[in-house]
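Quick heads-up: it's one chain on its own, the form predicted alone, in structure tokens.
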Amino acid sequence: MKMNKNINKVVLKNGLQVIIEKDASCPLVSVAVFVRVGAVDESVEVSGLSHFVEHLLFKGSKNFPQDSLSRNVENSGGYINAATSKEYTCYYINTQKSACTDTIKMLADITQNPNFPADEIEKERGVVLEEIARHFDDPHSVLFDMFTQTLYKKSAYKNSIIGTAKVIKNVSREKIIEYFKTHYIPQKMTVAVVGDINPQKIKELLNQTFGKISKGIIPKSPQITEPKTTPKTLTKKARVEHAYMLSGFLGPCVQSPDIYTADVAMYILGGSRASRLYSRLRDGLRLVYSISGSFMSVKGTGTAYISSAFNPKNKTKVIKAINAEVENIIKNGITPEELFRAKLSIKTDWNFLHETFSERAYNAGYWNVIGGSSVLTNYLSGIERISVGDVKAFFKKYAGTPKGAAKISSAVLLPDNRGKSGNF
């Protein structure tokens, strides 16, 4: 599928999807491999296994044993990293043009022929257990988990990415390999290559490497749509100095044209210092130290969220004020000036998000793996089409009740009087 004159998307015979972008502006290449497996794919019995597998793929493969992968990347002046999310796991290497062929071969090998050495599994077991301990000591991480579990009751988005210590302590090598073989199949993979390349040669190389991965049986898809929920506020105490809150509501899926309105609407509500929430709650009422809002696009039911920090005594006032701003837009809408500023800023941010080869490879893979590849070519025009009425209708549809009240859920961390947290 031709996306524009420099970007091509092709599907290999085994079902693996490839996105290639040629840009000869500098002699660099970024290669990103996305596997559609993350926290949403995990049952209680394998909670955190997507993240654990991510760690283990760097511990050696058939043709690149032990730490030869990382050494090869460093010797070529490159950078390698990986990440696990709710919906995908990503492995990427940024390197010199001359190392592109080796980079693709290495990434194909670790995602096709990992060794899973028993001794390395035990070492990484300890590393991941330490990460889990730090996760639950970090107020930001705890707050995010609270918030997602407040919003999502039925769908798999309620699952934690980091998983549980119980699973990581006890999971066997055989179970890890079984999980890998279940999800690391070409039909669930996307490879994005961006940089100073010959597209035809890259296609041939990808066929010779990633194209050799055998097809698998696609596992049952998790539930990623969430029914409408009743607004709820969940409060916990932690070692924090101030109050920290995530508030929000359920939004559209990536296939909905409403995702463009969601970005504009949340920018107007809390995306800048000129936004409704910042102007009213921070500059006007002085109720918060900081406040911002955004929308997170995912394959299923999306999340509109508002992050704030404030004096604990202001909790009730802050919640009421946030609800009041949403209700004001539902009732009175926004101004053309607000819409103009939001569109201009969003388009600027979008262009900056695609400034480097690495960012472009990541974004191409991300949108494709969550089922929104058309967003890459339609985003700016989609933003431009949004009207004043669209923004008002968005809040009424997703954040309002039939009577016009706001339906905002919140997760709040309050000080437990044990003193300051080292994480703040």
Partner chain sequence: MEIFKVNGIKILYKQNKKLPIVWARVFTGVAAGREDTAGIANLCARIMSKSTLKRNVAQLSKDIDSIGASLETDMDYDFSAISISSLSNYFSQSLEILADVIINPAFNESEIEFEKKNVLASISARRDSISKTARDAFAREYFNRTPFANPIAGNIESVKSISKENIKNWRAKAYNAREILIVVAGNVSKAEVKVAVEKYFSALPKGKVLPIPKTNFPKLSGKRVNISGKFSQAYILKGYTAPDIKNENFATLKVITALLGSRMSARLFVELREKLGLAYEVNALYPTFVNKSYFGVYMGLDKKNVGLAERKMEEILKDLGINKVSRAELKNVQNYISGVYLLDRQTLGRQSYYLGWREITGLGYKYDEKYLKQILKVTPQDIYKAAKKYFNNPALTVTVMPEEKPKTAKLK
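Numbering follows the first chain given and starts at 1. Owing to the predicted nature of the structure, the values given are computational and were not obtained by experimental measurement.
The protein also exists as the form predicted in complex with the partner chain; that form is not presented, and the subsequent description refers to it.
Ser25, Val142 and Arg282 each touching the partner chain in the predicted complex (heavy atom, 4.5 Å): Heavy-atom distance to the partner chain in the predicted complex: all three under 4.5 Å.
Heavy atom of Glu204 within 4.5 Å of the partner chain in the predicted complex: Flag for Glu204 set to no.
In the predicted complex, Glu241 touching the partner chain (heavy atom, 4.5 Å): So Glu241 counts as contacting the partner chain.
is_contact(Leu344, the partner chain) in the predicted complex, heavy atom dist at most 4.5 Å: So Leu344 counts as contacting the partner chain.
4.5 Å heavy atom contact, Pro219 to the partner chain in the predicted complex: Because no heavy atom of Pro219 falls inside 4.5 Å of the partner chain in the predicted complex, the answer is no.
Single option in Tyr379, Phe52, Tyr366, Phe58 placed near the partner chain in the predicted complex, where near means a heavy atom within 4.5 Å: Looking at Tyr379, Phe52, Tyr366, Phe58 one by one, just Phe58 meets the 4.5 Å heavy-atom criterion.
Contact assignment for the partner chain in the predicted complex, among Lys123, Lys212, Lys175, Lys105, heavy atom within 4.5 Å: Answer to the contact question: Lys123.
Among 185-193, 255-263, 294-302, 134-142, the region lying within 4.5 Å of the partner chain in the predicted complex by heavy atom distance: Checking each option against the 4.5 Å cut-off leaves 134-142.
Neighbours of the partner chain in the predicted complex among 261-281 [non-hydrogen atom within 4.5 angstroms]: In sequence order, Tyr267, Ser272, Arg273, Ala274, Tyr278 come within 4.5 Å of the partner.
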